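In the form predicted on its own, a lone chain appears below as structure tokens.
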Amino acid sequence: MTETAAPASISVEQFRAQARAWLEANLERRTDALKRTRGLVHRTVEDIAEQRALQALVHRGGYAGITWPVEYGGRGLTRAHELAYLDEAKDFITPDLGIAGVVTLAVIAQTALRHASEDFKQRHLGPILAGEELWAEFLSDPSAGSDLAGVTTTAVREGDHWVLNGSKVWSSGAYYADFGLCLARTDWDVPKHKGLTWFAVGTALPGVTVEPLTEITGDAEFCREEFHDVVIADSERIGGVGEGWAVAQSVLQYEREASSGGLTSVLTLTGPGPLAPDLVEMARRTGRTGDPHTRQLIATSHTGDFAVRALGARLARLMLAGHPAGPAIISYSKLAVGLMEPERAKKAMHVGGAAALAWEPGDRDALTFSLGYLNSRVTAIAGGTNEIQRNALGERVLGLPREPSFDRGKTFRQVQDAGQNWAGDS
């Protein structure tokens, strides 16, 4: 039950006014320092516990799940209402549940709303909105990344439950998540796309091991999971048995939208905005504001920033107008971000020079440039590589022929046998 009940009909402006008053009464305003450092600190379990409590507060106030159906704890309002709240909330300290929080709300919950049983939705969606359940994606096997349909993590049915064995990797935030949405193979004797099924796997279940992996930045956001005879109730299945590939398309769609920055977040774009403020500040700190090359780097970065936002705004408006959120929408946006982020990070390092590579303790501005460079390839890989996005656009939008496939028409067992016994002569 929320403190702010949703009337049968409330205008966007009325809702905005209510949200503004609630935010002023309940949340702290954000400082410039917090804006700069957000997302740069390793998320501890203790920190996430504090953010869960803040998420619960927002949920009680009626500002979590604004567009979700009322029967699952939401408000049942429109995207315009949600955008009004986000606009009002941008200057306040709102819940930051890290990457697992983004995955939970933007990917897992949306997939469940579309594909899960009524019982599943009733059990999980309310706790998700209240911050009681955080989820990770258990997608890639160590031997199946971009070829997601090649997973060999296996679930075998035994009466009213399943037994899961195998491993997953690159699961962001899994070390503090309560559940993982896991893609498993449930049939080896059909083509690989037809033998897949999704399950909710509790990270505290017997037989589940979650191991954080240290990254180039020194952080340990990614994790690897091992499953040894993990028992999962059939009620924790999402979608039909063997219908996992259809569910996977939803998972990937939502993930790619989230990793591209969220298309609807740029709907309020009215112009190019200030000239690359982070780069201008670094140029001032290093005394390079008069250097022609530095000025050109700042200008081209600013142009790229605006072009990506403008593309996102255009695609978002198409979605709100009813255009299907298929590859023409999501892949264009994700590819644009995946291409631009590495280039911008490289320009930022040139602007900062030595100040972006070595800095005094506590200098978060310089740290931002260094981490930005090290992380600049993330969007080009996570949620589907740039090459995958190009394939989707080429095949599904431009109508180009599909790439040759050696496993078409074969069962997954035959594909695996052929791969193990291939001698290179056929």
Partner chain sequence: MADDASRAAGRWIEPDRRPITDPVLGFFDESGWSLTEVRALAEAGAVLDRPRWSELGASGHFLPAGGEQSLARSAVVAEEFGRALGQGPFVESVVVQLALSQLGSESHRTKVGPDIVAGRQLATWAASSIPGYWGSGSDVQAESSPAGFVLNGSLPMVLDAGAVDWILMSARDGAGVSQFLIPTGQPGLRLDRLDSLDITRAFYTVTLTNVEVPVTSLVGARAVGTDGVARQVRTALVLATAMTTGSMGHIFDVALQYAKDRTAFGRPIGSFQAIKHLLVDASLKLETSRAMCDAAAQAVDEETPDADEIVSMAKAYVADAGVDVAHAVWQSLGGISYMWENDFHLFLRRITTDAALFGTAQWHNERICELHSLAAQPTGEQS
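Rigid core (definition): largest C-alpha set, two forms, superposition within 1.5 Å. Positions refer to the first chain, counted from 1. Note that the coordinates shown come from a computational prediction; the quantities given were computed from them, not determined experimentally.
In what follows, reference is made to the form predicted together with the partner chain, a form of this protein that is not presented.
Participant: Within 4.5 Å, heavy atoms only, which of Tyr176, Phe199, Tyr332, Trp162 is in contact with the partner chain in the model of the complex?
Facilitator: Looking at Tyr176, Phe199, Tyr332, Trp162 one by one, just Tyr332 meets the 4.5 Å heavy-atom criterion.
Participant: Here the chain is shown alone; which of Arg288, Lys121, Arg237, Arg75 has a heavy atom within 4.5 Å of the partner chain in the model of the complex?
Facilitator: Going through each option in turn, the one that passes is Arg288.
Participant: Check, residue by residue, if Pro272, Thr303 and Asn391 all come within 4.5 Å of the partner chain in the model of the complex, counting heavy atoms only.
Facilitator: Answer is yes for this spot.
Participant: Would Arg408 count as a contact of the partner chain in the model of the complex, using a 4.5 angstroms cut-off between non-hydrogen atoms?
Facilitator: Taking the distances in the model of the complex, the answer for Arg408 is no, it never comes within 4.5 Å of the partner chain.
Participant: Is Val45 close enough to the partner chain in the model of the complex to count, meaning some heavy atom within 4.5 Å?
Facilitator: No, Val45 stays farther than 4.5 Å from the partner chain in the model of the complex.
Participant: Does Ala354 reach the partner chain in the model of the complex, with heavy atoms at most 4.5 Å apart?
Facilitator: No, Ala354 stays farther than 4.5 Å from the partner chain in the model of the complex.
Participant: Wondering, does Glu13 line up within 4.5 Å of the partner chain in the model of the complex on heavy atoms?
Facilitator: No - in the model of the complex, heavy atoms of Glu13 and the partner chain never come within 4.5 Å of each other.
Participant: Pick from 89-97, 148-156, 105-113, 308-316: which stretch has non-hydrogen atoms within 4.5 Å of the partner chain in the model of the complex?
Facilitator: Residues of 308-316 come within 4.5 Å of the partner.
Participant: Out of 374-402, which residues reach within 4.5 Å of the partner chain in the model of the complex, heavy atoms considered?
Facilitator: Heavy-atom contacts within 4.5 Å come from Glu387, Arg390, Asn391, Leu393, Gly394, Glu395, Leu398, Gly399, Leu400, Pro401, Arg402.
Participant: Relative to the superposed rigid core, does the CA atom of Leu139 travel 2 Å or more between this form and the one not shown?
Facilitator: Superposed on the core, Leu139 moves its C-alpha less than 2 Å between this form and the one not shown.
Participant: Hey, does Val190 budge by 2 Å or more at the Cα between this form and the one not shown once the core is superposed?
Facilitator: Result for Val190: no, shift under 2 Å.
Participant: Once you line up the core, how about Ala354: does its CA shift reach 2 Å between this form and the one not shown?
Facilitator: Comparing the forms between this form and the one not shown, which are aligned on their rigid core, Ala354 does shift its C-alpha by 2 Å or more.
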